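Next comes just one chain, in structure tokens: the form predicted on its own.
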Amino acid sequence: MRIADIGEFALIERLHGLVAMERPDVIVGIGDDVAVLSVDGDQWLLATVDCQVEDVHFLRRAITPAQLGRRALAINLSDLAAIGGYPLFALVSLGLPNSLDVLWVEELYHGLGHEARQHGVAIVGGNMTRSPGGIWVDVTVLGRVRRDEVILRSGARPGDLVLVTGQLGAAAAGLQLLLDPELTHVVGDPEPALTRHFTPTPRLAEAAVIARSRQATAMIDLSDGLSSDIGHICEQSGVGVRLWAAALPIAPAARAIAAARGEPPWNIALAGGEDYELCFTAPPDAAASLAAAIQEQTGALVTVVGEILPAEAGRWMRLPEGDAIPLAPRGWEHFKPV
């Protein structure tokens, strides 16, 4: 049996079974993007790790090393934001070809340092090794969260509304512009989409507002695409969901590319991935005030895009015409089953 026969998430489940250990100080372990660990005091320790691999996550010809450094740290910070946490420390491991210019590595660290200073993160160590193939950048981030403010994926309840920050599809549109430069004439100004692809913004400030409110019931960051990531909330909360296609805040570049290709505009928002926006759930009587607080304190757009259903009701998306279609995971997955 090959990895491609079972896919990323089934592989994680199998490996979890090999190392699982029941411990009272492991609040959340393997299976989530962030480990939540109990330590003394009123806060929990957070730990997350993510790797950027050349020709899988980035094209060296298309991204500057400084942009890659910012990106490698930002996507980890987004994971901490998704649980309501604050980052503290980072460690960086590198796989580098012998032929790589030292200046390239220094510029990578300029980008890492820039992103770290923006969010109060101290880079405290790491490791490096020779890579016989391409470059890889592996970042581990440690953070903290108040025990009474942590937001897991498992708290969504039927009747809750589904909300997202920002716009969807911009990062995927940026990737499409890189792969097909002819699309530039379709979108007009490509810079907003390219920026979102190269240097995503972790929604730490927005997450802090959400966590302090204690009104959100579940949360995740949109790294793999809305259809896949809302599915993780449904699985861990034991619920269903109905999204409203007409309500999705789709980025202008994504709309333009979809129109040029004759595709529905919501397609790229559901499956594109790498938006690193927050998707969270909240009771109907709290959703409007929470969205208003986020917008007032951070300036970020917040949109209600759906509602949580009982598990037996399934997962759906209502189209603008009124029809409903099944909401299957269509976002990014490593080792996607064949």
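Numbering starts at 1 and runs along the sequence shown. Source: prediction; values computed, not measured.
What follows is about the form predicted in complex with a further copy of the same chain, which we do not show.
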* Contacting member of A205, A259, A122, A247, with respect to a further copy of the same chain in the predicted complex [4.5 Å, heavy atom] -> A122
* To do: May I ask whether T184, D189 and S228 each come within 4.5 Å of a further copy of the same chain in the predicted complex, counting any non-hydrogen atom?
  => no
* Structure fact -> Within 4.5 Å of a further copy of the same chain in the predicted complex by heavy atoms, the stretch out of 163-171, 133-141, 261-269, 219-227 is 133-141
* **Any non-hydrogen atom of D55 within 4.5 angstroms of a further copy of the same chain in the predicted complex** => yes
* Would T48 count as touching a further copy of the same chain in the predicted complex under a 4.5 Å heavy atom rule? -> yes
* **Interface membership of L59, a further copy of the same chain in the predicted complex, 4.5 Å heavy atom rule** => no
* Would S154 count as touching a further copy of the same chain in the predicted complex under a 4.5 Å heavy atom rule? -> no
* To do: For the heavy atom contacts within 4.5 Å of a further copy of the same chain in the predicted complex, list the residues of 79-115 involved, in sequence order.
  => L88, F89, L91, S93, L96, P97, N98, S99, L100, D101, V102, V105, E106, Y109, H110, G113
